[in-house]
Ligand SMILES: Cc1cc2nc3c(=O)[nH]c(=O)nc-3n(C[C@H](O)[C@H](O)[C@H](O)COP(=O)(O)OP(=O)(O)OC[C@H]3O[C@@H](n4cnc5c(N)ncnc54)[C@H](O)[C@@H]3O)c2cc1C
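In the block that follows, a single chain appears as C-alpha cells, in the form predicted alone.
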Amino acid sequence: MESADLIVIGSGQGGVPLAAEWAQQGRRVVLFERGALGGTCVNTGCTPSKAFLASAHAAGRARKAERLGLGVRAEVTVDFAAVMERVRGYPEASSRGVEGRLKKAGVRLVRAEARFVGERRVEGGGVRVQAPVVLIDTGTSPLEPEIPGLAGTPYLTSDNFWELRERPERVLVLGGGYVGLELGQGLARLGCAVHVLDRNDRVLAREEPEVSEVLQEALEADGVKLHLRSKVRAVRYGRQRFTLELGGERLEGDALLVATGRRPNTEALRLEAAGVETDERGFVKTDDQFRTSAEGVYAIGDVAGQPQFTHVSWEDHRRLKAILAGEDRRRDDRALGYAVFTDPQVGRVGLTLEQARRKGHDARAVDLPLEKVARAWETGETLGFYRMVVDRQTERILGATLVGPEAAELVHVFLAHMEAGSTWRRLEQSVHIHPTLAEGLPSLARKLAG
C-alpha cells in the first residue's frame, strides 16, 4: 500500500488544478482517471460543442445576410465532414495539455478505473494508495431515459455526437434543454431537418417564460420543428432509421439525439467501502464545505450535485483548497452565472424575480427590449431583451436575464456588480460606450430611476 498526501479520482476541471497545485507545493499526489483526461468540458462538452456551434452559427448568419441589404439570400455550402473533423481536433489537443500540466507539476497519474477499498484507501490499475485527503471529482454522464426500445440502439448523446462523419438528413432530438437546443439549432443551421421533442409546454422550461418565447421564435425561424408536451412511448430502430411512437403520431429520423439529463459517475467507486453516502439519484452527499459522510473524503463538481458548469467545478477547487487551509468558504458563496449558446444567446446570473420573492426579498424587475438598443437595431439583431432584478430596500442587484447577441459576455457586467455588492444606481451612473450592446445595461437601470 502506497501513501500520498492527496488522492484525486477524476481529472475534471476541479480535480486537475487542485492536484497540480498541491503537487507543486511538494506534496505527493496521485490522480486516477479511467477515461480521457480533462473531464466532460474538454472532451465532450464545452470545447467540442462551442467549436461545432462556431461553424453552425457562421452558416446561419450568412444565410440571413439579406436583412443587411445585400440583396440576395446567401447560399451556404456546408462540408459537414470537415466541420466535424475540425471539432474533434480540439478535445485531443486539450487533453494532451492536461496531461502535460499534471506531469510538469509532479502528479502521479494512474490511467485506470478507481474504487475504494477502505477508509481513504483507493485502488486502480494494480495500484493501492492511502491518503488523509481523498477528492471525488468523477462528474456525470448522459442519462438514458426509460423508454421502451431505446436501449441498445445507436442513438447519439453529447458523448458520442462528435463521432458523426456524415450529415444526417433528419434528426430527432429528445430534450429541449441547453444541450438539445444548442446541438439541435446547430444541426439545423448545418442543413439537417431537426425535430425537438420535450414533455414540457415550452423549451428551456427552467428559465423564465419570456426566455422560452424568444428561443422558440428563433428556432422556428431556423426551421426547427418543436413538439412540446410530447411523451415518447416507444423507440424503434431498423434499416438505419429511428421511429418514435408518440401515441397516435410517429416521427422518423436518420439520427436520434438523446439530451434528457445526466447521471453521476459513482457506480464503479464502491463508495460503501469508504462509508460515503449518496442521495436517491446517486449524487455524493456533501455539506456546505464539500465534506462527505466519510472523514477526509470530499466531493466537488457535478458528482456532488453542484450546478453542472465548468466554471463552478473550477471554483469548487479554489473553495476546497481554501477550506483545507482553514479558511471559511462555502459551496455557494459566489454569484452563479451561466449561459446558453444558442442564437440568440441566453445569459443568466443570480435570481429571477420569482426566486427573489420566494427568498423573502422585496424585489422588482425592469425590462428593456433589444430593439431599444442602438447596436442591436443597427445590426438587425433585435430579437431578445434585457432584464434586471433588484431589492427595493437595499437597491442591490439580485439577478439578471439577458437574451440576445453576446448575452454570454454581457452578463458578466452584472456578475461583477453583484460580487462587488454595488447597487443598480452604480450601473445607472456608468457611461458605457456608444454604440455597443453593453450600452443598453445602464439604460435598463435608468428605468428604475423613473
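For clarity, every value in this text was computed on a predicted model and none was experimentally measured. Numbers follow the displayed sequence, beginning with 1.
Below, we refer to the form predicted together with the named molecule, which is not included among the displayed structures.
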**OP:** Give a yes or no for C41: in the predicted bound form, does one of its heavy atoms lie within 4.5 Å of a heavy atom belonging to the named molecule?
**Re:** yes
**OP:** Find out whether any non-hydrogen atom of W424 is located within 4.5 angstroms of the named molecule in the predicted bound form, and reply yes or no.
**Re:** no
Subject >> Interface membership of L269, the named molecule in the predicted bound form, 4.5 Å heavy atom rule >> reply: yes
Original post:
Is E113 a contact residue for the named molecule in the predicted bound form, using a 4.5 Å heavy atom cut-off?
Top reply: yes
Original post:
What stretch, of 47 to 55, 414 to 422, 382 to 390, 396 to 404, brings heavy atoms to within 4.5 Å of the named molecule in the predicted bound form?
Top reply: 47 to 55
**OP:** Just give me the single entry in N265, T292, S230, Q345 that has a non-hydrogen atom within 4.5 angstroms of the named molecule in the predicted bound form.
**Re:** N265
**OP:** Spell it out for me: taking the named molecule in the predicted bound form, does every residue among G10, G14 and S158 have a heavy atom no farther than 4.5 Å from it?
**Re:** yes
Original post:
Of 336 to 358, which residues get within 4.5 Å of the named molecule in the predicted bound form if you count heavy atoms?
Top reply: F341
